[in-house]
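Just one chain is shown here, as structure tokens, and it is the form predicted on its own.
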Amino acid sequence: MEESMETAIEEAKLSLQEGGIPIGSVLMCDGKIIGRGHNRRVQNGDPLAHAEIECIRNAGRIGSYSNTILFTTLMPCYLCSGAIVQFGIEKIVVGESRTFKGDLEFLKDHWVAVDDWDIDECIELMEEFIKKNPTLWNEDIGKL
């Protein structure tokens, strides 16, 4: 597994250790990590603190994002897909989309290349979390 995805998984586990939702993300540019983040909705009491948003926020203003690749442990939701399109991130690598389908068609319709690696560790992390925390998960995806 590529180092970038391993780092995203570390971020997801960090969120879980903090009492949050185990989703992590890493932004790469020219082979270097320029941003990383994890879901901090619970920790910060912030409904917009999704992993991809936190990752982009932590990367800061870099001008053009067109030469970046976003690694994320879970298929992005509508909020995060919108940010990916808004900032012109042209490629994302997803750890899994079994537990949450996101909006793959929206991303593809906006010329974002999506590579779903279907990683067992990402799937197991989310399945276990969802089983133990269904209400919190449903809140996160807006299904309450």
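Quick note: we count residues from 1 along the sequence shown, nothing fancier. In this text the structure is predicted, and so the values were computed from the model without any measurement.
Just so it is clear, the following notes concern the form predicted together with a further copy of the same chain, a form of the same protein that is not shown.
- Proximity of residue 14 to a further copy of the same chain in the predicted complex: non-hydrogen atoms within 4.5 Å are absent; the residue sits far from the partner.
- Contact annotation: residue 77 falls within 4.5 Å of a further copy of the same chain in the predicted complex, judged by heavy atom distances.
- The closest heavy atom approach of residue 110 to a further copy of the same chain in the predicted complex falls within 4.5 Å.
- For the chain shown alone, residue 92 is not a contact residue for a further copy of the same chain in the predicted complex, no non-hydrogen atom being within 4.5 angstroms.
- Residues of 74-88 placing a heavy atom within 4.5 Å of a further copy of the same chain in the predicted complex, in sequence order: 77, 78, 79, 82, 83, 85, 86, 87.
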